[in-house]
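Next up is one chain by itself, shown in structure tokens, the form predicted alone.
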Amino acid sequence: MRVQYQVLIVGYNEDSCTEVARALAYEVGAEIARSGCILLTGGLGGVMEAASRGAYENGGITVSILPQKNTSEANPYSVVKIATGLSHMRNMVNVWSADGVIVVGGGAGTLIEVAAAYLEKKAIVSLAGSGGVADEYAGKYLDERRMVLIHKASTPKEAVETLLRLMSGRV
């Protein structure tokens, strides 16, 4: 049986998402679907919606782990909707559920997810050129413990290919 990785995309929410990040997130979602992986997001707008749309339109499975107690606010490209009622604490559920993480842009909420993935020693790839947290931490460690390198990718295809190599141990 083929391993079907669960890939978490984190990044800008609807309020701060740039058009560049939105377009890149769409392509990352499409690449995830084409690779046969399952896409995980926080289920709302911005990067989450764009990545979900990319995966959905390319035949992928999208899972939205929502901060609300109901599924009514999930973006329209959410195939599986998980209502947590945990607000920002759902970021931990997102990370725990993922085999690896791709960062597209992002602010403080994204940084929380990146830090959680770092502490959990998950594979992390940052898409350079997408802004925010992704650009700030691409190619770096979060602290002096050097637990997990946040790998830098220049394109959506490279981001997914790099993450697949990391997750499978083929670094």
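Values in this document were obtained by computation on a predicted structure and should not be read as measured data. In case it trips you up, residue 1 is the first one in the sequence shown, and so on.
One more form of this protein should be noted, the form predicted in complex with another copy of the chain, which is absent from this view; the next part is about it.
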**Prompt:** Can residue 37 be called a contact residue for another copy of the chain in the model of the complex at 4.5 Å between heavy atoms?
**Reply:** no
**Asked** Hey, in the model of the complex, is residue 111 touching another copy of the chain, heavy atoms inside 4.5 Å?
**Response** yes
**Item:** Proximity of residue 145 to another copy of the chain in the model of the complex, heavy atoms at 4.5 Å
**Value:** yes
**Item:** is_contact(residue 44, another copy of the chain) in the model of the complex, heavy atom dist at most 4.5 Å
**Value:** no
**Prompt:** Three residues, 86, 97 and 116; all within 4.5 Å of another copy of the chain in the model of the complex via heavy atoms?
**Reply:** yes
**Prompt:** So which residues in 47 to 83, when you check another copy of the chain in the model of the complex, have a heavy atom no farther than 4.5 Å from it?
**Reply:** 56, 61, 63, 65, 69, 70, 71, 79, 80, 81, 82, 83
